[in-house]
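Only one chain is given next, in structure tokens, and it is the form predicted on its own.
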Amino acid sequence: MSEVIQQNSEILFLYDAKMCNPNGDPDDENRPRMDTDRERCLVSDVRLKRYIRDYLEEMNHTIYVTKSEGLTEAAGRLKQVLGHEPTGADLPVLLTKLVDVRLFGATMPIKGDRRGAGEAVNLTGPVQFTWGYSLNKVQLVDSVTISSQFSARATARQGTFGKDYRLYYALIGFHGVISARRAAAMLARAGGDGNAATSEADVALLDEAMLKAIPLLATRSKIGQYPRLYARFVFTDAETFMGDPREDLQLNPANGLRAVQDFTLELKGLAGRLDRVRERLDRVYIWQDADLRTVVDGQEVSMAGWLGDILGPDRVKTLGRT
């Protein structure tokens, strides 16, 4: 049994999107979600969690919020997992089986102990993400009309036309937190069963999914997205957070981008934030794509090497991505 997490973490995750639609807005003809005032594209935390859930399911982990069998009501999904109608006594078993609930939490309709009584179990998971946004100003692809060989009517003599909205290029950043206090609360709800609360093994699985899920789960509108940087900062306790590291990063240039080779990412602004938590920072797990050029004062460096210089190399752990 892997140990329940005792230490907070914070995540910085960057991936890029080239000639695709990172997150369509159903309220706006599926155009990419946008912060139009700042000319940045947006991606919801739900979209990111969907990638992770789908990856975990493909790796044969059991998840609660699944798409594999089409739309299923929540109570029906719990019955599928357990083989019977869920009751409050089943909560530890459900948490042991459902890795996405241990990570992200969920609302689960579970019957009460008395006949006819019911309740919704609300669990806030230790892992939460903000919405992602692009670090660069983005542009929509000018041409949006596509045609189909299939007609709308049997008597029609030509195919139909539709809209296909895409961005030229976006470097999208997410900030996430992993709360040890939330894991402790989950452990308490599960009656102290360590298999039913977020573990170090669960978080290692999250690391793996963050690096692999997006390119493996490409669809027609999502192909062209690749992870570029992942860093998980692990603190010494369950109290410390350092705040959103995206605010410290700077692209040069930040306009007119079409590919990862078109810019450098300045890291220097992150040094002050790290210095404020230096004594409470236990280790950093990091992975960087070879095509992403990171610099400090204009000098090209690897982020792992730079972190090793300011924190000590023994506190920097490089993640692999096979």
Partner chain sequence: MLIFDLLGPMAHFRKYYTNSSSLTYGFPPRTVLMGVVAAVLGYERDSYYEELDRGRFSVVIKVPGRRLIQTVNYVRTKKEDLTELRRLGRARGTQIPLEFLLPARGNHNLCFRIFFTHPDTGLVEEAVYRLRENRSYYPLYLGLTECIARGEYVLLAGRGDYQVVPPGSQVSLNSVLNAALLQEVLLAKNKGACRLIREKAPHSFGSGRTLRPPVSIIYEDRGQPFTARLHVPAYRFLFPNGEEETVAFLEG
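Predicted model, so just to flag it, every value in this text is computed and none were measured. Numbering follows the first chain given and starts at 1.
Just so you know, the form predicted in complex with its partner chain exists too; it's not on screen, but the next bit is about it.
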> All three of E3, Q225 and R232 touching its partner chain in the model of the complex at 4.5 Å, heavy atom to heavy atom?
Replying inline: no
>> If the cut-off is 4.5 angstroms on heavy atoms, which of these, R283, R273, R293, H61, is the one near its partner chain in the model of the complex?
In response: R273
> So which of G88, G194, G162, G243 gets a non-hydrogen atom within 4.5 Å of its partner chain in the model of the complex?
Replying inline: G243
> Which single stretch, out of 165-173, 178-186, 209-217, 90-98, brings residue heavy atoms within 4.5 Å of its partner chain in the model of the complex?
Replying inline: 178-186
>> Against its partner chain in the model of the complex, would G256 count as a contact residue? Criterion: heavy atoms within 4.5 Å.
In response: no
>> Taking its partner chain as it sits in the model of the complex, is E239 in contact with it (heavy atom to heavy atom, 4.5 Å or less)?
In response: yes
> Does the 4.5 Å heavy atom contact test between A74 and its partner chain in the model of the complex come out positive?
Replying inline: yes
>> Residue-level question: is P26 within 4.5 Å of its partner chain in the model of the complex, judged on heavy atoms?
In response: yes
> Though the partner is not shown here, which residues of 39-65 have a heavy atom within 4.5 Å of its partner chain in the model of the complex?
Replying inline: L42, D45, V65
